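What follows is one chain in structure tokens, specifically the form predicted alone.
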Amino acid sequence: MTLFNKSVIAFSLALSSAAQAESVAIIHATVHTVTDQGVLTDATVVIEDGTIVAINPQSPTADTIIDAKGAILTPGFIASMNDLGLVEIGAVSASRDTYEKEADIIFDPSLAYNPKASTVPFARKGGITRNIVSSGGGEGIFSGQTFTVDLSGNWDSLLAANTGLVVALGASKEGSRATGMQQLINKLEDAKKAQVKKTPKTAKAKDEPSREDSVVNAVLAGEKSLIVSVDRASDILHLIKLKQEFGLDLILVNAADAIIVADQLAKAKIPVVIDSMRNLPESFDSLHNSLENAGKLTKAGVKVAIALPGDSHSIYALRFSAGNAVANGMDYDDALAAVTANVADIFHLDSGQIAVGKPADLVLWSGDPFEFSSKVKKMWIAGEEQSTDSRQDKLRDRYLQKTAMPKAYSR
């Protein structure tokens, strides 16, 4: 290697190190920490190398200082159980990678994830910095596995794949709901029996578990969450027994009837991911849908995450769902936790709070984040400032341009 090349490399490394070490101090902010520290007024948060390194230091120093002028700073919101990045246009089948009729236990939808989907920057406009993605499932009860992404839109924004096994239970168009529950029970029991038979002495290299068995074994070991979409209380009670019998890391999604078995869920420490805007009895399974459910479940001691399960095109509105939960009885701080810290706890993410050592996923708001007229002023994901421009903004600007030509000629 020539001296010139060595010098270039050394200079490049120095530049890289300097870039990574760039620090930002956000001063005079109203900081909703979503920790025991609560809300800090006129506070300072310092971030460096993608991490929160100080809160209210005595002498804040940083490469860049941003005066929040009293604006609200929150952790980045975390969406969950939607198909963001798997669907571009719902009406165009070739752009839908969410539904797979043959989806099974090992189905990995992260292989189809597109971080450049136009819905990603649109979701950022809602203050969302991370997301737990799930597919639309298939014809069986097993819908594949979830994966976690940040919303930077970078090619490396897939943070973890195959994080939880998704199961859909409840009423079916044909036959009995018992079939689905029985399938789940059989799968867990069979895997448990197979583990007992294979003692370390009898196990052989050729006896390595199949891909499907490996997933179920991880569920039984508590290494992978079992995420069950379910509504009726009788089904939920069966699932509580399964959690206790097999020691599952169980998460319920939708759970319209959770409110009438809230005490049992709280005692069993089973969290619930709900759409707080469900207020109509969509079926005989969901007769207890109510705008008040999020608040009532939280007061009963159930850990609640607010989500907009399913379609990803509207998840920017997650904050409005949280605001409506507040309007219907949920404590404000509980609602903020339900879109930040609670989601992180439920899905085992190291985020969702403003605390030293946490990833610098932060949002600076123009006003109350749950208020419709508020906007994202600035956003950071892992310390990197993000754009909040979306395709919709570009289209708006394009057609607002004044021109003597027809609008189709605007660029």
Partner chain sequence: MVKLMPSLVAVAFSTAVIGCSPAEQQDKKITINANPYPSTYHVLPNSTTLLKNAIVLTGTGKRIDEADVLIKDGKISAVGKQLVAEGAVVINAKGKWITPGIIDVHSHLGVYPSPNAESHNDGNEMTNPVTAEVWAEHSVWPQDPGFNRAREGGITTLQILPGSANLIGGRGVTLKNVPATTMQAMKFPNAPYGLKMACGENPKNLYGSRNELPMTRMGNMAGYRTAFIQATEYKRAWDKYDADYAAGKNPEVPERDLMKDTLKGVLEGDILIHNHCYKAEEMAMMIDLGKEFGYHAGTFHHAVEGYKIADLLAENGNCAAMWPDWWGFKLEAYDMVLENVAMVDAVKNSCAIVHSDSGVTIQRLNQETAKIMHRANENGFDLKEEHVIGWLTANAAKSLGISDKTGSLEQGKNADLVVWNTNPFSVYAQAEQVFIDGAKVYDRQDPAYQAQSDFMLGQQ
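Predicted, not measured: the structure shown is a model, and the values here were computed from it. Positions refer to the first chain, counted from 1.
In what follows, reference is made to the form predicted together with the partner chain, a form of this protein that is not presented.
Novice: Please identify the residue among Ile89, Ala178, Ala194, Ala160 with any heavy atom within 4.5 Å of the partner chain in the model of the complex.
Specialist: Residue within 4.5 Å of the partner: Ile89.
Novice: Exactly one residue in Pro209, Pro281, Gly247, Gly140 has a non-hydrogen atom within 4.5 Å of the partner chain in the model of the complex; which is it?
Specialist: In short, Pro281.
Novice: Heavy atoms within 4.5 Å of the partner chain in the model of the complex: which of the stretches 60-68, 340-348, 362-370, 23-31 has them?
Specialist: Result for this chain: 362-370.
Novice: Can any non-hydrogen atom of Thr129 be found within 4.5 angstroms of the partner chain in the model of the complex?
Specialist: No, Thr129 is distant from the partner.
Novice: Looking in the model of the complex, any heavy atom of Gly153 within 4.5 Å of the partner chain?
Specialist: So Gly153 does not count as contacting the partner chain.
Novice: Is there a non-hydrogen atom of Leu237 within 4.5 angstroms of a non-hydrogen atom of the partner chain in the model of the complex?
Specialist: Contact with the partner chain, no.
Novice: So in the model of the complex, is the partner chain close enough to Ala268 to count as touching (4.5 Å, heavy atoms)?
Specialist: Close contact is absent here: in the model of the complex, Ala268 is far from the partner chain, nothing within 4.5 Å, heavy atoms only.
Novice: Hey, which residues along 370-400 are within 4.5 angstroms of the partner chain in the model of the complex, non-hydrogen atoms only?
Specialist: Contacting residues: Phe370, Glu371, Phe372, Ser373, Ser374, Lys375, Arg391, Gln392, Leu395, Arg396, Tyr399, Leu400.
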